[in-house]
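In the structure tokens that follow, a single protein chain appears in two forms: structure 1, then structure 2.
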Structure 1
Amino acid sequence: MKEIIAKNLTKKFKKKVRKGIFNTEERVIHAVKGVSFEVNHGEIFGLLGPNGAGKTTTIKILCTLLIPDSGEAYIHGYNVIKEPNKVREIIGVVLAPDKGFYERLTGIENLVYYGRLYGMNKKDAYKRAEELVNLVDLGKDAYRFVEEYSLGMKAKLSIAKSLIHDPSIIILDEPTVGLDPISSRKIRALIHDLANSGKTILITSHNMWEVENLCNRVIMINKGEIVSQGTPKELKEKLNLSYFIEIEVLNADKISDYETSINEKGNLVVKIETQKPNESLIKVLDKLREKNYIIGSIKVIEPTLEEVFARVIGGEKGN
């Protein structure tokens, strides 16, 4: 089932720009230009792009916070423009992990408050809040005032808040921005767990490594337009990016046929750059074994989504 559908979404903003000392002029910013994509049930889908690419504007349209100038969008079959209340009932949203809390309430009190807003009685809201603070690993911090929270704690609490009404679709805008590595890792693990439990998740990020390790499929947005899309593997294959193979040789000091280096163990390492890793690896191994070289470790280094991003956003073809 297609849980999220975006069809030719466009959105413009008017912005006043200073021109000279006393004058200003009005400019039209094309934030989103004909963006279309679909997200399947249970999928982690990523919107990747630089700052100002149109990711957050797209997200806000899907969350019913902005009305597009043209195009359509559906969440679980509901039209985001015509049926916004239906959409809000089934989505959980994190737009800014450090916003939307009452600082003088504890974390769990904040969750109970939002549970009551969704129609829960106090007992059920508190029970749900306790479940969620355990899920996001807040522990005893859930009973501290939010004004004492670090950004990482607030990020966990914001995800808990988005889950208070058990939504089937979760939309996360830069869920790990500003977090330390340990907190980021815990948030990524939580996102994986939510998807495995059947939730559909849409995230935005400019962190290529994060998207590559989280998402089933990705679209890259630049200047309001989709410039490439597919699985992380497909995006890399479209650009014919190079793989790097490193083969450790245990009984040689020098091999003139290949580029080599010495590893930390003091052994020779043969290095190969190729776009056909399987074929090249077999060919090189056969040649080395013909000369009675003893093979140690073998490492195949894949191209990264960061390389794809640099190529595509840099203007090269990647559609």
Structure 2
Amino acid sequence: MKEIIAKNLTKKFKKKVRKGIFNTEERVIHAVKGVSFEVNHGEIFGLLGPNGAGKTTTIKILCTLLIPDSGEAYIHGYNVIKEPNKVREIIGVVLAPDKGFYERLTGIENLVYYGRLYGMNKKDAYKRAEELVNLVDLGKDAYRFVEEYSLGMKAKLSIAKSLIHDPSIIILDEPTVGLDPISSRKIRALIHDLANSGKTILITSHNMWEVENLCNRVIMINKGEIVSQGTPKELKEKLNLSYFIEIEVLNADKISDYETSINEKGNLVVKIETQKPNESLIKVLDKLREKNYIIGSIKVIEPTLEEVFARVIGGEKGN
């Protein structure tokens, strides 16, 4: 079953801009222009795009906080426009991770509060909250007032909050913002575990490396439109991005056929840019061996999602 379905979503924001004291002018921001995608059960799905691309707007539509101008969306078969209450019961959401908490309550107290608003009794909510603060690695900080929290602590608390009612679909808008490397690794592991246990996850992030390691499939949007979609691997292949091969040669100062440089050990490095790494590697190794060069090490550098992003978005922006 498709857990999340977005069909042709569009959203415009109208803003009155004041010109002088008495005149106003209506400015229309077309935030989302016909975005469609589907997310399968148990999948981790990434939503990428530059600032202002319309990611948060799309996510708010999916979690019932925004009504689209046109298009439809379904969460676990429920219509987000017509059945918002049903949708809200089964989704857990992180929006603006640094907001949404009472400053004069502790982290735990905030979690229990939301748990109870979701209908849990106090004892269960407390138990669940304690479990979650360990899961997100908030530890003892959970017992401090939120007003003393750092950005990362608030982000952890937000993630815990999104899980408090054990939702089957989890929607995360930049959940790892402000997290240190160890914490974000833990959160990634947590997200993996959640997906393995059958939860469906929609995530946005500006950390391409993270998305590449986490997501089964991604879409990239720019200016409210989808510009590319597929698995991270497919995206790279679609663009014919280059691989880089670096071969360290121990017994040469100069090789004329290739681009070269000197590495930190003082050895010569042969550099090759190619679309077909397997064939090129065999070819170049054969050539080097013919001339009796001794090979120190070989590195094949894959194109990253970041490059895909730069290409797709940068190209668009260049237009």
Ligand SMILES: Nc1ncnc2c1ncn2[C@@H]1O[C@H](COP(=O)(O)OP(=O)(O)OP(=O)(O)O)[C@@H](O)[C@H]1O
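Numbering runs along the sequence of structure 1, starting at 1. By rigid core we mean the largest C-alpha set that fits within 1.5 Å across both forms. Quick caveat: nothing in here was measured; it's all calculated off a predicted structure.
The form predicted alone appears here as structure 1. Superposition on the rigid core between structures 1 and 2 places the CA atom of Leu190 2 Å or more away from its counterpart. Core-aligned CA deviation for Ser261 between structures 1 and 2: 2 Å or greater. In this overlay on the rigid core, Leu163 has a C-alpha that sits less than 2 Å away from its partner position between structures 1 and 2. Comparison between structures 1 and 2 places the CA of Asn251 4.6 angstrom away from its other position, after core fitting.
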